[in-house]
Structures are given as C-alpha cells and as structure tokens.
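Listed next as structure tokens is one chain, alone, in the form predicted on its own.
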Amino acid sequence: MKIACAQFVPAYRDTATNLEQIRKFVHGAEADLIVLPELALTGYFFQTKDEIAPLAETLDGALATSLSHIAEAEQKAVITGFLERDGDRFYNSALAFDAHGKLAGKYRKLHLFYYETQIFERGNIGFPVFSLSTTSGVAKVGMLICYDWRYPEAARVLALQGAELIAMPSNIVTTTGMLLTTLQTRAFENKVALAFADRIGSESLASESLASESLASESLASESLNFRGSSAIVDMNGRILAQASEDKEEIIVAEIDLSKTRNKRINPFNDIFSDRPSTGYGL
C-alpha cells in the first residue's frame, strides 16, 4: 500500500481555502491513502469556545461531506484532523474516509494539549481500530492525534486491537529532539507502521485570535506557536521510510506491506504480544 502524508500551512479560520488545498493534495498524491495534519481545515491556535463554535461541524455537515466527495472522486482513502461539534460539545477529532468516500473511522483526541484543555472535551470513544478500504486492499487502521505521541499506552492499545497502521494527524510545537525517535519506538515496540502528518508555519493569538477579554496578560496576548513539520512514515521495525523538511509544504510517500505487521513473532520462541504476562505489571 502506498501511504502519503501531506505537510502544509492550513489557512487560519478559512475552511474553503483549506478544503481546496486538501483537494489538490489528494489529487496530486500518488498514493492509496493520504494523511493530513491535525485540524487541517480550520487552523489550530484558539483559546475560547466562542472562537471555534462557528468553525466546528457535525459529521453530516458540509465539510465532512466535501471530504467524502474528494475521497470518492479520487478513489483514495483520506485521513484528516477535524474540528467536530456534537451538540454543545467540541472535539479535536480525526476522520477517515475510504476510497469509496465512506466514513470508515473516527477518533476523538484523548490527551489534550495546552489551550485544548479549555475548549475541547476529552475524547470519549477510546481508541477504535477499523477496516479502511483502498484501491490496493483493506488495512486495519487506528488513529492518534499529536500529543498522544507521548503516551505509549495509546499506541499499544491500537496494536493489541489489530492495527496494522497508526495514522497520526498532528500540529507539533515541541522542540525536543526525541519526537521522531519516540515515533520510531512506538512503531518498533508494537510492530506496526506509523504515518505522522504534521503541519508547518506559525499562528499567533495577537494577530489572528478573535478579541477576548479573557487574556491573562500582554505576554500571553502576543504568544505564537511555531509548528515543526518533519512529517514521517515509519515501518514496523522503526525505520523511517520517508521524511519531510521542517518548513516546506510537501507530500511524502512510502510503500509498505502492512500484512507483515500481523505477525508479532520475532524468533521461533518469542512473540512480542503473547510474551506479555496477564499480570505482573502492577497497573
């Protein structure tokens, strides 16, 4: 299966521009599955629910419907971050559309980062694994979003449920050099492939956020987030197959035989999952 990650700068609060950008990426990617960044349709740096309310949509809304049509027209599976509304609640979500345009999977971010804790509800549907149809076959896919990368339990739960690929829409701002090393470890320790789609560029509360009287200080009002890019596709042995730059819009593509992830055996006597005792970890 050919898997692509699209790295770009989402236009802040401009869903029409972002939808057109996504359409071009999906059309131009020579891949069966394209993974896009976190909140790819809206931009990211919001601080109040009033700001995100006009941008959030339900799964039967215009944006999700348009994404479905793009996937169907291009006959490519698409995974993207999505600002989801459910009644009066908002979620930092990821959606997966198969090559027929059908909504195949949804994930709501469990580990909320920074201002996300003030505007989003914590994910409440666990870590689903679903079958994703592409023109080259069916993959068992799980999704994580950005800050989930720091929690080994999240990737492990997906792998134990049979995930062959973990798709990871992200808006990473951390400057730690351990990011890609950690993602390689997540793939290696679970024998799964991982597609990490990050964004680039920056967003500033001072210039782009709606006016708000709730700003704690002038220093906070001028705060900016810089996104680090470096999108990557990693195989089940932790090897980076494709990696993007830190600051350029680009599409990376790698071909992976996901069927090899199903065998968790590493020699005639050891299997990384069956070797795990049911007790003894003290958790």
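All of these numbers come straight from a predicted model, not from anything done at the bench. So that there is no doubt, residue numbering starts at 1 and follows the sequence shown.
Although it is not shown, the form predicted in complex with a further copy of the same chain is what the next lines describe.
- Of the candidate stretches 194-202, 154-162, 134-142, 86-94, only 154-162 contains residues with a heavy atom within 4.5 Å of a further copy of the same chain in the predicted complex.
- For the three marked residues, T185, G238 and D271, a heavy atom of each sits within 4.5 Å of a further copy of the same chain in the predicted complex.
- Contact between L112 and a further copy of the same chain in the predicted complex is found at the 4.5 Å heavy atom cutoff.
- Of the heavy atoms in N124, none are within 4.5 Å of a further copy of the same chain in the predicted complex.
- Interface residue remark: A16 is not counted as part of the site for a further copy of the same chain in the predicted complex, having no heavy atom within 4.5 Å.
- For the chain shown alone, N263 is not a contact residue for a further copy of the same chain in the predicted complex, no non-hydrogen atom being within 4.5 angstroms.
- No residues of 5-21 lie near a further copy of the same chain in the predicted complex, the criterion being any heavy atom within 4.5 Å.
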